[in-house]
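Next up: just one chain, as structure tokens, the form predicted on its own.
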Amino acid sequence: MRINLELRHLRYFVCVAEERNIGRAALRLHISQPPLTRQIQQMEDQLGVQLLRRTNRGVELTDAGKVLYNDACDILGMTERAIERSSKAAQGLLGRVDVAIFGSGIFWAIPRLMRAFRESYPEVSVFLHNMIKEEQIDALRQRRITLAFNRLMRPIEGLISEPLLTEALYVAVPSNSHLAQHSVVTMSELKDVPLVLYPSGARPSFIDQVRDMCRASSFTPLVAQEVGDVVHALALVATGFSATLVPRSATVLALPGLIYKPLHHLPQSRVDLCCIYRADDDSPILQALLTSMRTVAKSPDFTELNRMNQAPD
């Protein structure tokens, strides 16, 4: 036998069970009493059991009715939660967002941006993935991630690279280097200094920017080593191995034997931190994330920190 019960039948039954009176339940449901009585009778006929026992004071649940009441409450509660969750998901208030990170931004800007988003959208789960630039691009195209953070992105069809922060560059040198005594370091002072460059991998990258800056100062850099990321570069410099250039955010990484000095202002002595996402991604959760990050980037605290990132003239 096929049973055809709808959610409204369960709502009617639960209301009658709670009121213990058909008349009061009908008033609560804003329907007349005869249709409500028929709906309950139809439920009993379809199920082949008696759900309510009529008394002089109204109705009371049978054993079968008590079981159905508990289950019906669970079903209605789950339905309401499902509707609420789907509505939140449609507004970007619920769900999961996968974000790729790489490089020095994780030391300063990215944690602030993600913390603000989590505070505004506590029911969205944020998963961070460490990926190099090529992996980020592939993951975006394959829709395995929603957004990535990186620097110096070349134009890529189908992807948008949006700058969020402009950072000044600093020179990291060993504490026993003669440059450690300077208040500010100029590019020309790096002419004969072996440099650690990063990140190795997809180009253009920060390596190309450093090379361009050296050429603009009329010298070819003396490259000691190319490494995968800023952490490896700083670790080498801290052991007395040459010098390297880093965005200001990386200067929060304190290592024994390592000193940071501001780089004298040049047109190229700044670098952007960008967020990268698919141009055709109109998902509410991405729009919520972008709105949150843009708001934070314009906030007074973030603006002040951004102002502090300007290189000295």
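So that the term is clear: the rigid core is the largest set of C-alpha atoms that superpose within 1.5 Å between two forms. Numbering starts at 1 and follows the sequence shown. Small disclaimer: the values here were computed from a predicted structure and weren't measured.
Below, we refer to the form predicted together with another copy of the chain, which is not included among the displayed structures.
Asks: Only one of Ile156, Ala235, Leu222, Ala82 comes within 4.5 Å of another copy of the chain in the predicted complex by heavy atoms, so just point that one out.
Replies: When another copy of the chain is considered in the predicted complex, the option within 4.5 Å is Ala82.
Asks: Another copy of the chain isn't shown here, but in the predicted complex which of Leu27, Leu266, Leu47, Ala279 has a heavy atom within 4.5 Å of it?
Replies: Going through each option in turn, the one that passes is Leu47.
Asks: With a 4.5 Å heavy atom cut-off, would you call Ala89 a contact of another copy of the chain in the predicted complex?
Replies: Yes, Ala89 is a contact residue.
Asks: Taking another copy of the chain as it sits in the predicted complex, is Pro174 in contact with it (heavy atom to heavy atom, 4.5 Å or less)?
Replies: Contact with another copy of the chain, no.
Asks: Using heavy atoms and a 4.5 Å limit, would one call Leu94 a contact residue for another copy of the chain in the predicted complex?
Replies: Yes, Leu94 lies within 4.5 Å of another copy of the chain in the predicted complex.
Asks: With heavy atoms only and a cut-off of 4.5 Å, decide whether Arg53 touches another copy of the chain in the predicted complex.
Replies: Although another copy of the chain is absent here, Arg53 would touch it in the predicted complex, with heavy atoms inside 4.5 Å.
Asks: When another copy of the chain is placed as it is in the predicted complex, which of 65-73, 33-41, 269-277, 249-257 ends up with heavy atoms within 4.5 Å of it?
Replies: Only one stretch qualifies here: 65-73.
Asks: Using a 4.5 Å cut-off on heavy atoms, which residues of 272-299 contact another copy of the chain in the predicted complex?
Replies: Contacting residues: Ser283, Ile285.
Asks: Superposing on the rigid core, I want to see if Ala288 changes position between this form and the one not shown - specifically a Cα shift of 2 Å or more.
Replies: No: Ala288 shifts by under 2 Å between this form and the one not shown.
Asks: Superpose on the rigid core, then tell me if the C-alpha of Ala72 is displaced by 2 angstroms or more between this form and the one not shown.
Replies: After core superposition, the displacement of the Ala72 C-alpha between this form and the one not shown reaches the 2 Å mark, so yes.
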